[in-house]
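Have a look below at one chain only, the form predicted alone, in structure tokens format.
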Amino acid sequence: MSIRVLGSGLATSVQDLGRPGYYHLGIPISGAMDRYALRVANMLVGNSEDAAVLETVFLGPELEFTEDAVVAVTGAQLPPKVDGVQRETWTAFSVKSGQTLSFDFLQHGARAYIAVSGGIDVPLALGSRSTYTLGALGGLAGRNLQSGDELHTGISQGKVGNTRRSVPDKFKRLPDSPACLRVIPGLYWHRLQEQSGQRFFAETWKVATEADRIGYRFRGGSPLDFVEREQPFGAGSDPSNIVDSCYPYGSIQVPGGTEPIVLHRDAVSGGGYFMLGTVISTDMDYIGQLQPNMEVQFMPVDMETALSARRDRKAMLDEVRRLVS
């Protein structure tokens, strides 16, 4: 089956669960910014959970289908429409041959995930179909969708026309306002003065306009105060500079000590800015749903809390699988 792209939407790209294993070579993991939403979208249409979908930001695409298909839209509350008739999000619905899928205005969140029965079929690149635009790798020619593109889908694993699958409200994960992002302090925490570190967690920050697949910048809090030091060989002169080091996924770097940046799916793998901690994996999905100017508070947690959150998300996914099977 082919899908004709009549309108590309905003930064619409092909994404799956990513390409781990190449970060040490400078190739980021890429994949969905909201992995939970991608998994659930695939469950709803009968795909394997790692099938490729479309990730779209703020403004959805316009797609013409050439064959019957089952579609589900999860993540942001971006209401889908079939030939102008609105459909529910987080629910499987049918699209007939010749019909057009479009989207209403965004109501909540930032990124929506469009799963189609059979999955989006583009060539594998290093084991993944995810698009990494900075490296022109994966997806459709290594770039975001453009009007006039044609997408192909794989063979459906579910029954086309099965539109009885839906997810109850309690399983629709979107951040509150202000959003709470849990952080394990560490890495270069010792570079901060104690009161400055405490103030970082006490203050409310806002998402800056520089918020994309590489990372999210935050503004509005106080500049960080650093412990005095002698400039190490190989490090920059600013107190926030370090000798080049690896950047873990989710790490929080603060260039100049003023505006923290949480590194996300397409971030570089290393550099010379200190990192005060790492956002726990389950909350990285929330970051992908934050809009500019949304308020955020960072909360310090320990490793046991992070692992407990991971177990809770796994239990939630298990329950969703049971409900839609």
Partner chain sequence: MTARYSFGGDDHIFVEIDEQMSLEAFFKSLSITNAVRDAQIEGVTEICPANASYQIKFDPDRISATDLLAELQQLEAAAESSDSHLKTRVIDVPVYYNDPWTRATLMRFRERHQDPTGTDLDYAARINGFDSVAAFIQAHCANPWFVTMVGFVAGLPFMFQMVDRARQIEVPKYLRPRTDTPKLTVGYGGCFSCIYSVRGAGGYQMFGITPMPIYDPEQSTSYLQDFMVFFNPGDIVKFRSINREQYDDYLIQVEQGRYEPIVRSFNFSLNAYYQNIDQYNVNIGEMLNVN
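Positions refer to the first chain, counted from 1. Here the structure is a predicted model, which is why all the values come from computation and not from measurement.
We do not show the form predicted in complex with the partner chain, though everything after this point is about it.
This chain is displayed without the partner chain, yet in the model of the complex the stretch 23-31 from 63-71, 46-54, 23-31, 286-294 comes within 4.5 Å of it by heavy atoms. Tyr132 is the sole member of Trp90, Tyr132, Tyr216, Phe200 with a non-hydrogen atom lying within 4.5 angstroms of the partner chain in the model of the complex. Here is the short version: of Ile184, Leu106, Leu174, Val122, the single residue with a heavy atom within 4.5 Å of the partner chain in the model of the complex is Ile184. Highlighted residues Lys81, Gly98 and Ala208: none comes within 4.5 Å of the partner chain in the model of the complex, counting any heavy atom. In the model of the complex, Met299 stays away from the partner chain, with no heavy atom inside 4.5 Å.
Interface membership of Ala315, defined by any non-hydrogen atom within 4.5 Å of the partner chain in the model of the complex, is ruled out. Using a 4.5 angstroms threshold between heavy atoms, Gln77 stays clear of the partner chain in the model of the complex.
The partner chain in the model of the complex comes within 4.5 Å of a heavy atom belonging to Ser245. Taking the partner chain as it sits in the model of the complex, the stretch 208-245 comes within 4.5 angstroms of it through a non-hydrogen atom at Arg229, Pro232, Phe233, Gly234, Val243, Asp244, Ser245.
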